[in-house]
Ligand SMILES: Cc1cc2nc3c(=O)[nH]c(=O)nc-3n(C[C@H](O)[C@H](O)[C@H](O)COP(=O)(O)OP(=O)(O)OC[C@H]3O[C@@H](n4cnc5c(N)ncnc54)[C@H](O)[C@@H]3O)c2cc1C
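Starting off, we have a lone chain in the form predicted alone, written out as structure tokens.
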């Protein structure tokens, strides 16, 4: 038997859920099936991040990330308040620890202003101490609009709203075949077959594989990087009041170790970024050697690795040494000691990489016929999820109405 819907969404993370909700709002009564291979929603990137509600400071002006982040933050904040979900707007301190970083700090300030981030303040050493007494640096930026939420909780609430309004939320339902046909698409998941007029692939860590399953040659491949967190001990947690970030180095692909006081009051340190031995290779789980072989065989990864071999080695060493991890953290908060760090959780970043070794630093959305593939949804995807969902829903509606994008 084949179940029939208007739209099938693959992936039960926050982007897929927000897209389904935006479709319900735009087209009341629309028949939606959301397929998630895990037994629960938000099992991967959505449920394993720091929960930072980003302001839009870092993103290239004019990029889709920049355009969606500021409005996405406002909408996510309103959603949390309406639904009674916890949120804390604590502000973020970005610290330059040397004179060499001041020019990059000024560049961040200009980017934030260009992106419409309000209230950014330049700080000297005394201003840094006013906001975070235990942080140290030669200059800083104060970004009052940054905060934290529980994105896993947001996702679960979206799932409940969807189900209450008639959507079919199918967990434990792993897609294993996709066939496009005249008038739509047929999706298989084990013994289940689902027909729909349009499909949204929001499968995150497996988005490129789902795209390939549908016959699309994706322009990027997912390379999984594991981010490993530590948590400040109860005795050291008072060293951090909110969020303390470094100035990003444009030579390196990832931000570096930083501090986040989470919605539950704990203080996370990290994450670092090391190549994961599989797309779901979290701390304490088995390596996926076939998945690693796939990554190593991809020329885009080999070119990326050659370009960033030195910082990549540093990340690997910090992954193995709490003392080295603490030394990196002390750049921002000098009082941190290795004994202050308790091992925390880990997450996998679905980093999209082009064949030339360049990282996809913006959203990558591809579509053909009834298919829409979200091939790259990097941070601030969780912050901007509600407006990303509206953007994707608009593309779906064009297809349902017989138009094109």
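Because the structure is a prediction, the values reported are computed rather than measured. Residue numbers count along the first chain shown, from 1.
As for the form predicted together with the named molecule, it is not shown, yet the points below apply to it.
The named molecule in the predicted bound form is not approached by residue 261, whose heavy atoms all lie more than 4.5 angstroms from it. The named molecule is not shown here, but in the predicted bound form it comes within 4.5 Å of a heavy atom of residue 206. Remark: residue 202 counts among the residues lining the named molecule in the predicted bound form, judged by a heavy atom distance of 4.5 Å or less. Mapping the unseen interface onto this chain, residue 338 falls outside it, with no heavy atom inside 4.5 Å of the named molecule in the predicted bound form. Taken together, 14, 175 and 348 are fully in contact with the named molecule in the predicted bound form: each brings a heavy atom within 4.5 Å. Just one listed stretch, out of 352 to 360, 60 to 68, 365 to 373, 29 to 37, contacts the named molecule in the predicted bound form at the 4.5 Å heavy atom level, and that stretch is 29 to 37. No residues of 112 to 135 lie near the named molecule in the predicted bound form, the criterion being any heavy atom within 4.5 Å.
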